[in-house]
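A single chain, nothing else alongside it, follows as structure tokens in the form predicted on its own.
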């Protein structure tokens, strides 16, 4: 049975992608960072076992730290073997602060979690994939990496960096049988979006050509497509309802 690792997999987009990976028949290693997410992660692991007959492993780690990323990969290899078939880099945070008031510590943290963690995980997983001469890496970017968003300069920089990382690694490892792509979601219904001012959300929705906000399943479906798309690498797929047309 194949193995997938996903960072930030306890909730939201991550949870949706974990369920899709399980549906596709993958054993899934789920990373989470906060103590509050432990119960969610354990419950998710039990769910995929019951509903899809696959095994899972929940690993608590702050992926901005290389040594903790190594713990995730080491535990995955220990439980499921040396072949890692899929890596989904999904962990992410945002500040939503004006660049006039944000501190260097705050914007550095965004870059560490949203970009450096992706580099850490790729650096640790690619040797396994190179040895097997196969593998698929999906990096979660954002429409913020394709366009400017007010008071999210640090977030936009991190997500644009994810696209650059994806392209560079895709070129380097294409002949090794490894495909590396990115997904740049638009507005998606998650707990985070449901928890903000819904009047503002409604106004934003009107700017989307399709006139609606996407679902987690739209992103999970894009991930599944990229995993199976054998002639697709170095690309950024953006399910966004048409608000950005790269």
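Numbering follows the first chain given and starts at 1. It should be emphasised that the depicted structure is a prediction, and the values quoted were computed from it without experimental measurement.
Below, we refer to the form predicted together with a small molecule, which is not included among the displayed structures.
Peer 1: Which one, 92-100, 77-85, 129-137, 170-178, holds residues whose non-hydrogen atoms are within 4.5 Å of the small molecule in the predicted complex?
Peer 2: Among the candidates, contact is made by 92-100.
Peer 1: Identify, from the list 57, 48, 33, 220, the residue with a heavy atom within 4.5 Å of the small molecule in the predicted complex.
Peer 2: So the residue touching the small molecule in the predicted complex, by this definition, is 33.
Peer 1: Of the options 163, 122, 156, 113, which one has a non-hydrogen atom that comes within 4.5 Å of the small molecule in the predicted complex?
Peer 2: When the small molecule is considered in the predicted complex, the option within 4.5 Å is 113.
Peer 1: Quick check on residue 62: any heavy atom within 4.5 Å of the small molecule in the predicted complex?
Peer 2: Contact with the small molecule, yes.
Peer 1: Can you tell me whether residue 20 touches the small molecule? I mean in the predicted complex, with a 4.5 angstroms heavy atom cut-off.
Peer 2: Residue 20: no, not in contact with the small molecule in the predicted complex.
Peer 1: Whether residue 109 contacts the small molecule in the predicted complex should be assessed with a 4.5 Å heavy atom distance threshold; does it?
Peer 2: Heavy-atom contact with the small molecule at 4.5 Å: present for residue 109.
Peer 1: Since only the chain is shown here, I'm wondering whether residue 27 would be in contact with the small molecule in the predicted complex (any heavy atom pair within 4.5 Å).
Peer 2: No, residue 27 sits far enough from the small molecule in the predicted complex that none of its heavy atoms falls within 4.5 Å.
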